[in-house]
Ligand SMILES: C[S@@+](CC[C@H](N)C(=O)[O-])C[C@H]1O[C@@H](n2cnc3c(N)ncnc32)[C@H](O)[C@@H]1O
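Shown next as structure tokens: one chain only, the form predicted alone.
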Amino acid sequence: MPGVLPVGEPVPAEGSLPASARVSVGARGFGVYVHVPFCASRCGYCDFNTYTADELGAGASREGYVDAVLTELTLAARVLRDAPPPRVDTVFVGGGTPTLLPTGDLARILDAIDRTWGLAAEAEVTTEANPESVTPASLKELRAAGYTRISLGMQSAAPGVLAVLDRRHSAGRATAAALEARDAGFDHVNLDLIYGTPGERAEDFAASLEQVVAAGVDHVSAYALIVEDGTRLAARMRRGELPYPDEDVAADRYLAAESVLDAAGFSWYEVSNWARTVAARCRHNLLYWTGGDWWGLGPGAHSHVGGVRWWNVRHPATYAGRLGAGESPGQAREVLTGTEAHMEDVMLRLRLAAGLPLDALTDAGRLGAARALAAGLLAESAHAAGRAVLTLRGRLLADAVVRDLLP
């Protein structure tokens, strides 16, 4: 089951924000995240805020979900009514499996966001999908509704690896769905990979990369398997049924991904993300990584506006109940201090190929950067003076580099 949310101060019942947070809404971009918490089954590694039909319990259903989301959208518009009107640059519908909802419901959500704040002329609109949850017909409907980008959960091309992860789709379904999405007219198609699963061989991951390249997608995300407490996978490892992931193996897989994707014309722009072109980069995620504002709709969704971060109650029934009572679904929030905002800015920007401005660091941080440069973990940007960029070796040790820059 999903893990717990962080602790913070209470969110006002009406969801109001401090005046200081509303002054510059959207100055660094504004996006909307929509969380769809439904899944057909629970993958063994997943601790996301998602629910199968058996886990939902009373008071929540897929059928009434969109109405609750639209109620929160109305609340959001009320909270921001005195702020500069934001223009929605990006929309990202994630989960869960958003495409378990009828395409008409996904279209309703997008239309309501457009009517509330207005979509930018070239807005990026993404939905996640599991490969088995889409068809050529549904993909065409999504594209016609205004979705421009789709992110498909492939994870692996090896049947044995998919079985360990409890994925339901067949080994070839993800790449087939990617081709169908291109045929449907999506501007950008992403495939997600997970590497380092117990039992995964080097040749398994090589085959996954080969299929990704052959599918003709323009974006790839690849993440090392993380074993979260409370998941079925963690329980199997504790019982000794499966070995724990090996860090050296994970590093080898990352190097393989970089080698294959680079040769195929992809460039990394964030440690775990590669794109064929600048236009193919996920602008919504870049909004997160560069300090933009976004409103998160749905149970468990996180939001950030003007240095205030809050998160909604997790369960769909509690979420709908709060909104039905005319209250904010926010569970708690935090107002970032200058120090906290600086730490996050360094942590996130360092992971980007655009690099980190050295003048954003303290004196002690610049000394740490000098040590990382000498150690070959950072390099001076070839495109902008005064910026430091992770080297390939630095990407493997990114967390350690961050610690050195935030003494």
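Sequential numbering from 1, following the sequence displayed. Model, not experiment: these values are computed from the prediction.
Missing here is the form predicted together with the ligand; even so, the following discussion is about that form.
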Listed residue that, although the ligand is not shown, lies within 4.5 Å of it in the predicted complex (heavy atoms), from 320, 194, 123, 161:
194
Which one, 270, 327, 128, 258, lies within 4.5 Å of the ligand in the predicted complex by heavy atoms?
128
For the ligand, considered in the predicted complex: do all three of 95, 153 and 228 come within 4.5 Å of it, counting heavy atoms only?
yes
Quick one: which of 64-72, 378-386, 348-356, 40-48 gets within 4.5 Å of the ligand in the predicted complex, going by heavy atoms?
40-48
At the 4.5 Å heavy atom threshold, is residue 188 in contact with the ligand in the predicted complex?
no
Contact between residue 167 and the ligand in the predicted complex at 4.5 Å, heavy atoms?
yes
Using the partner position in the predicted complex, report whether residue 223 sits within 4.5 Å of the ligand, counting heavy atoms only.
yes
